[in-house]
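Let's start with one chain on its own, the form predicted alone, as structure tokens.
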């Protein structure tokens, strides 16, 4: 099967992620059901509202299907709320919120403030020659990284882009820029599985 990257399309900026993948010449498909998930080789989990996304994953039947595929080594990339859903620990999550525990990080939701506190800044990214212009919107903060986690970028002293095996996460929204280099780093993981 040729590589098709799924984009979780329950909520959030999934269309912008698809546009980034299209610019890279990579086929993508919206994922809303377990049968959609069967058609893809990797998955992008976009930003949005993490508690709502957690609820929708459970009611759609997707949570168990995605969990099984992640455990089998499917590459997955979570941005903002997607990062929260992939984290091992969510320090300020709701009691009914579940996460996949796919990457050994602990996160704090909306750590950089409310919507009005959103900001943009340039960050140095491991493997990229020039800085990446990162868009932070109600961004979560990685407060702990386990020993197997590779830090790919920081904002000040905070880790904002990280990877563990076939799982990559970002606090920011790379899909909201015209720069596809972060998506390219992720799709490079397809060659490793």
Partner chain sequence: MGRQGWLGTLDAMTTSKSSSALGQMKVNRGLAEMLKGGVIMDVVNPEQAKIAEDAGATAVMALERVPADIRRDGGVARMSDPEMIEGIQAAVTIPVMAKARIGHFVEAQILQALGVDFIDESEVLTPADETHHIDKFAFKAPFVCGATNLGEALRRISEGAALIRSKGEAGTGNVVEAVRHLRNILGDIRRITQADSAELFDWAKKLGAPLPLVQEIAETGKLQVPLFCAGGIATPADAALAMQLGAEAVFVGSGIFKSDDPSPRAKAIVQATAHFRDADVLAKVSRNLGAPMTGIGMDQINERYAERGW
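Positions refer to the first chain, counted from 1. Just so it is clear, the structure is predicted and the values come from calculations on it, not from any experiment.
Another form, the form predicted in complex with the partner chain, is not on view; read the next lines as being about it.
Between the partner chain and the residues 41, 29, 164, 51, the one pair within 4.5 Å by heavy atoms in the predicted complex involves 51. Mapping the unseen interface onto this chain, residue 128 falls outside it, with no heavy atom inside 4.5 Å of the partner chain in the predicted complex. Contact annotation for residue 171: none of its heavy atoms lies within 4.5 Å of the partner chain in the predicted complex. By the criterion of a heavy atom within 4.5 Å, residue 141 is excluded from the residues contacting the partner chain in the predicted complex. By the criterion of a heavy atom within 4.5 Å, residue 110 is counted among the residues contacting the partner chain in the predicted complex. Within 4.5 angstroms of the partner chain in the predicted complex, the stretch 45-67 places a non-hydrogen atom from each of 47, 48, 49, 51, 52, 55, 56, 59, 60, taken in sequence order.
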